[in-house]
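One chain comes next, on its own, written as structure tokens: the form predicted on its own.
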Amino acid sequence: MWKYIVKRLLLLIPVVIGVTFLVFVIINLKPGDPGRMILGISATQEAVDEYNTELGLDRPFLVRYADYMSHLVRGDFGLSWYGSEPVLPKILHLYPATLKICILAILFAMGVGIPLGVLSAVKQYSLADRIASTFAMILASVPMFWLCLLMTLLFSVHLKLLPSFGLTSWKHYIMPMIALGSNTLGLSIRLTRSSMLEEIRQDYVRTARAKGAKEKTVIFTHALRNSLIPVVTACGTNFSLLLGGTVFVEAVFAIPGLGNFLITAVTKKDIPVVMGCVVILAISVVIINLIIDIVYAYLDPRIKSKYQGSIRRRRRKAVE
């Protein structure tokens, strides 16, 4: 398993290279003159050209990209073009808030969605099943930004129960968590239901019931564990998307997070900040996918044994 983890971490290198190159191309194609945007419209063209030269924008594209990657390998994310502030400390300061909201959102989606999906599958075609299925469809269809505004009007403006901006107490996390995890919640309900319905019709479930196993044991010990693999896959994938989706939530609730910081940098064409945010997000996605694979091995030991068996076969071939 450790060799597999190391192998997956080594894949981080081509991922970061590919993602950074693509984003570097896109951000450089974006209209706008950084020198003019930084110095303002009152600056002379000579001053703007001189400032762009200081930023290195007069050099060829590939040279600038190679120079950025050479600094990145040494852990140097560069300086922001606005204020000359180091990029990495600023990102590390803002990233925990974004990550915390995403973790709470995914835990909320799975913690509520899996039980509702199990209930919907066990009570198929009942009133509870219809309510849960309708609830899941609504959540999967509601736009995130609309839900943010709706909750702000209801819980902050009218009921005055929850704060509408900032992250200074546990109450500030409630609405961003629900808004960010709502679509994933609807998806987890539907996936858990469909996966559970497939598992409870399998022969091993009938055998367990025939042997006199309790219904709770059959559902939660046998069927649920095997049905969680597609749910974990979807939630893990959505967790990667939530890291980028915090932009809307952070904008509505005025949260000082990485998403808001990234959008501001893109608007200003602050290339060092954009590239630094993208690198951190790319590393996060690779690590999240690695964690999902490890959870697979825990949920289904056949996956772990299959991987270990392939290693043993390769060793025997090498010896032969």
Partner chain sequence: MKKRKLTAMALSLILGASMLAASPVAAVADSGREDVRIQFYEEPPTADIMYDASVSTGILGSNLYAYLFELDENGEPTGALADSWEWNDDYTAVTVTLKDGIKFSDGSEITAEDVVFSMERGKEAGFSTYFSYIDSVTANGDKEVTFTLTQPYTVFLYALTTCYFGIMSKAAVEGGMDVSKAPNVTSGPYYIDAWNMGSDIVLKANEYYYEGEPEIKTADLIFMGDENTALTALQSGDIDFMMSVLGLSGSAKTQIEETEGLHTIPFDNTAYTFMSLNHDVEYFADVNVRKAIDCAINREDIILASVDGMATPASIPIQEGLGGYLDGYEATAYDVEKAKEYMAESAYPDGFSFTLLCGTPSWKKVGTTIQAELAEIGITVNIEEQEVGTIVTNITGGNYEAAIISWSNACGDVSNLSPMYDTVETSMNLANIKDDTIINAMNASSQVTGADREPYLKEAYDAIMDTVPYVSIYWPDGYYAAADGLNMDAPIGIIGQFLIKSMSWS
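Positions refer to the first chain, counted from 1. Everything quoted here is computed from the prediction, not taken from an experiment.
One more form of this protein should be noted, the form predicted together with its partner chain, which is absent from this view; the next part is about it.
Novice: Would all three of L119, K123 and A251 be in contact with its partner chain in the model of the complex, where contact means some heavy atom lies within 4.5 Å?
Specialist: Every residue of the spot touches its partner chain in the model of the complex.
Novice: Mind telling me which stretch in 53 to 61, 279 to 287, 33 to 41, 66 to 74 gets its heavy atoms within 4.5 Å of its partner chain in the model of the complex?
Specialist: The contacting stretch here is 33 to 41.
Novice: Going by heavy atom distances of 4.5 angstroms or less, which of T237, S133, S194, S156 would be at the interface with its partner chain in the model of the complex?
Specialist: By the 4.5 Å heavy-atom cutoff, the listed residue in contact is S156.
Novice: Which of P230, P96, G83, P143 has a heavy atom within 4.5 Å of its partner chain in the model of the complex?
Specialist: Looking at P230, P96, G83, P143 one by one, just G83 meets the 4.5 Å heavy-atom criterion.
Novice: Consider K90 of the chain shown here, and say whether it contacts its partner chain in the model of the complex, taking contact as heavy atoms within 4.5 Å.
Specialist: Within the cut-off, so yes.
Novice: Is there a non-hydrogen atom of P163 within 4.5 angstroms of a non-hydrogen atom of its partner chain in the model of the complex?
Specialist: Looking in the model of the complex, residue contacts with its partner chain include P163, since a heavy atom lies within 4.5 Å.
Novice: When the contact criterion is heavy atoms within 4.5 Å, does N28 count as touching its partner chain in the model of the complex?
Specialist: No.
Novice: Please determine whether I103 contacts its partner chain in the model of the complex, using a 4.5 Å cut-off between heavy atoms.
Specialist: Taking the distances in the model of the complex, the answer for I103 is no, it never comes within 4.5 Å of its partner chain.
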